[in-house]
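In the form predicted alone, a lone chain appears below as structure tokens.
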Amino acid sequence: MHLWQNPKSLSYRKLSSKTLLPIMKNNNDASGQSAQNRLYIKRGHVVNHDGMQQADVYIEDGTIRYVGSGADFVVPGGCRTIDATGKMLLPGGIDPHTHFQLEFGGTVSVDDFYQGTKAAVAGGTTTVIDFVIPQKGESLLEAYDTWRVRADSKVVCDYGLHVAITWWSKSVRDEMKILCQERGVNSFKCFMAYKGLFQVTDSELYEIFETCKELGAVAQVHAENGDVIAKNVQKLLEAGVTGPEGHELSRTEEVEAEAVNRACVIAHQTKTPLYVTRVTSKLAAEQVSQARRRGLLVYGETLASSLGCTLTNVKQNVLPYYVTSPPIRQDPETPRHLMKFLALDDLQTTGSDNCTFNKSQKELGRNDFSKIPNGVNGVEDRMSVVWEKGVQTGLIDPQRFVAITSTNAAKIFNLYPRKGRIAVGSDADILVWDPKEVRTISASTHHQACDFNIFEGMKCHGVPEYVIVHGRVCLENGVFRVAEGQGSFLETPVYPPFVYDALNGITDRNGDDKSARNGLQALDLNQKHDVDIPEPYALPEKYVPGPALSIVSGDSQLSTPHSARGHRPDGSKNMQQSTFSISEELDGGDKRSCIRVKNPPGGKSSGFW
């Protein structure tokens, strides 16, 4: 039985009577297309995180039933066929970080679960994981019920839930256990910032991490030093700095980096797997990298906003619209450095942290930057921005793109191989991706509810021509066929093997922390998932998206047996020792040209003082 084939997951268990809702949805979308319809995609190039192959894909009842050459497969009668010649077939994107319909700063984000998931599908994301954020003193279970009520009748794609721990007591600990055992939650987020609102203390963080370890959950942190930020905000306002520029000045890179390091230390003391959300700076990414190099079980997430934007040329009058925490950075080199961290597996996932507010809502902090609602868009544009800044520039290959936009999140939060892979038995969440098509991002054409887009005017290569969700063609050449509530809640089981098998590697070696990386690397090589793993397929000439870059490092400390750089966690090729070069598929020459990339350099923000 696959991890997702759990009969118990078909019922909404033990909710209060006032919020009892059915999980199973009507199987018909707005066009009347049945989920039972059969779909055959031919002549595409299937891209998974660990290989590529030219293949046909057959879908029935929302599940992938066949992946192969097509020579040995008879297409059933009445089956719709999509010709994907010249296109890539990618697993649907997984956005592990969204905030739909979130109350924050005295207002509510404008993308609800319908508008937000519709925008996600438009951009090629077919699964989102949102955050339940209880108010201080509020029951976690009641907050969870509230989020389910908001989402279940509106989502157009599958969604899961993380739960934030905004206060601490024995009752919170007890509710965490119920959420893990009965409500399908396997991850909890702690805020190290937002003093007086959501922030928890270091001692509380220690106990929360211990509880996560006991429950088989993944601990998450929003890493910023809230105490330092509070003092900085006070100092800036007293000095007359009230405009939006004060936001980043109060939350410099070192303030983020310090909190990342502190969270890693506490997680190491408790032997708890740690997921650092929204890494936005070079210094913070370096802390994650160094922790992983020391053998700590830490994963890092960066955002589309940090990969696609800087504040370098943003005009003062629109600066409030870019306010989010941790901030989008001033340094124009930050996006490239963060992409390098992703290429070298120092960071593993990309989210959007989609939390949208209209211009009028952002203006609530016109005379006091601390009152600007935090959050930006990104759920619709994440896939294209990552492709543009990663594959198009040659910093990553298409397989790594799949890993950081889909597969790694599926593995960390225990949705793999149901999600994050094109293989027999997986959900039929597939993108027919045109890497040569170009689109220009604009608020005038996006599907989100907000009236501003931080990527305004950016031209992106890589556009989903078809977006298929559970076998339904939901987007076809820009035309939507979706209905509110056609998506479903995803239970995320505890003890994700990708995470906890690595942790057991530490225990098996009598606490030798350096063995964590080896246990992580060996996991997928030894684990059987009962899916068909395609053979590698050379990237054809027509897919060349831009200049190629081979990532090779001569840094001796990166090639040690316990280094993260030896193999990717999924057991696939070493990006540093790889001779991957898209351009070589064109010239057919014997010589391989590459450039040598050292560890991404650091860099410090210049503070206000």
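What you are looking at is a predicted structure, and each value in this text was computed from that prediction instead of being measured. Note that residue numbering begins at 1 and tracks the sequence as displayed.
The discussion below concerns the form predicted in complex with ligand URP, not included here.
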Review point. Applying a 4.5 Å heavy atom distance criterion, does Leu307 contact ligand URP in the model of the complex?
Key: no
**Study point:** Asp353, heavy atom within 4.5 angstroms of ligand URP in the model of the complex
**Key:** yes
**Study point:** Partner contact for Arg183 in the model of the complex: ligand URP, 4.5 angstroms, heavy atom
**Key:** no
Check your understanding: Would His99 show up as a contact with ligand URP in the model of the complex if we use heavy atoms at 4.5 Å?
Key -> yes
Review point. So, Gly124, Arg382 and Phe480: all three within 4.5 Å of ligand URP in the model of the complex by heavy atoms, or not?
Key: no
Check your understanding: So which of Lys87, Arg278, His470, Arg329 reaches within 4.5 angstroms of ligand URP in the model of the complex, heavy atom to heavy atom?
Key -> Arg278
Study note, to complete from the structure: Note: exactly one of Phe113, Phe191, Phe341, Phe413 sits with a heavy atom within 4.5 Å of ligand URP in the model of the complex, namely Phe191
Study note, to complete from the structure: Of the candidate stretches 231-239, 382-390, 369-377, 257-265, the one with residues having heavy atoms within 4.5 Å of ligand URP in the model of the complex is 369-377
Exercise for review: Just give me the residues of 304-333, first to last, that have a heavy atom within 4.5 Å of ligand URP in the model of the complex.
Suggested key: Thr324, Ser325
